[in-house]
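The chain below stands alone, shown as structure tokens; this is the form predicted on its own.
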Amino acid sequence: MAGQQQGVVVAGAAGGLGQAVCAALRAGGWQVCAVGRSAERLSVLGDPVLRVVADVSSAEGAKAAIEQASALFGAAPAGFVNCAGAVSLAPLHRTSSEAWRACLAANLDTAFFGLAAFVDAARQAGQPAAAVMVSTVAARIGTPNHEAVAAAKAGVEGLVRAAAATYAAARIRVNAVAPGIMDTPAVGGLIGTPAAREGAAKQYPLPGIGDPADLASLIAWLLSPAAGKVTGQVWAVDGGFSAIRPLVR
């Protein structure tokens, strides 16, 4: 692909994080193909971002998304980011089987099938490639009422490590980021009042609500040649929530 922009597919691109990732990748010189289930929602990204309407929570949908992106790029994508997901907050005893299945489909199935389709295309093309999945701080430290999403995202982290091991010899890198709460529409209901926002911010050793642009910058770096020796890692971007306890004064 010498002399040509490398292509990256961003699934779940219409969400708050997805939009930030598309912007960061465009700024870094990538050719971006945004994937989502709604053409109307994807339209907010504007040109020159390419767009594909597909549901990557199924094997068929994920394969179609990668095939269409490859046709638009003129080559197999060199990068894949799965920003698709859903916040599911409820205690275990109040989580219906329907809510559980929907949480798995949005968070784990999209990662599994999206990554599988991407890896298959990269292997057939015989080219180096890199993928980044999105986990959550709740997958590594117990957080009340996060049982469904914590289980789904813990599965994403296991997928990342196993896939990184499987495809390292093919020069395909797989990593994940695990943010704390971020200022996106998906969590707007949780931090919709000044009091709720202040309370959420105080949970973190480095106080504050996460900025999607900061996480997007890390994702862009993980896809870049600068991270060429990084694979199988889960990068916590949580203000120290999962690793340290501040000195209480």
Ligand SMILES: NC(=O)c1ccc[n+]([C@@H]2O[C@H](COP(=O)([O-])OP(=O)(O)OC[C@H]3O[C@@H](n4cnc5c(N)ncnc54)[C@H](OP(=O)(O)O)[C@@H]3O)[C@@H](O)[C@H]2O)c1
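Throughout, we count residues from 1 along the sequence that is shown. Just so it is clear, the structure is predicted and the values come from calculations on it, not from any experiment.
As for the form predicted in complex with the ligand, it is not shown, yet the points below apply to it.
Annotated contact segment (heavy atom within 4.5 Å of the ligand in the model of the complex): 35-43, selected among 61-69, 35-43, 220-228, 195-203.
Not displayed here, the ligand is kept clear of Ala131 by more than 4.5 Å at the level of heavy atoms in the model of the complex. In the model of the complex, the ligand sits beyond 4.5 Å of every heavy atom of Ala24. Interface residue remark: Gly208 is not counted as part of the site for the ligand in the model of the complex, having no heavy atom within 4.5 Å. For the chain shown alone, Gly79 is not a contact residue for the ligand in the model of the complex, no non-hydrogen atom being within 4.5 angstroms. Screening Ala106, Ala121, Ala151, Leu89 for any heavy atom within 4.5 Å of the ligand in the model of the complex leaves a single hit, Ala106. If you take 157-183 and check each residue for a heavy atom within 4.5 Å of the ligand in the model of the complex, you get Pro179, Gly180, Ile181, Met182, in sequence order.
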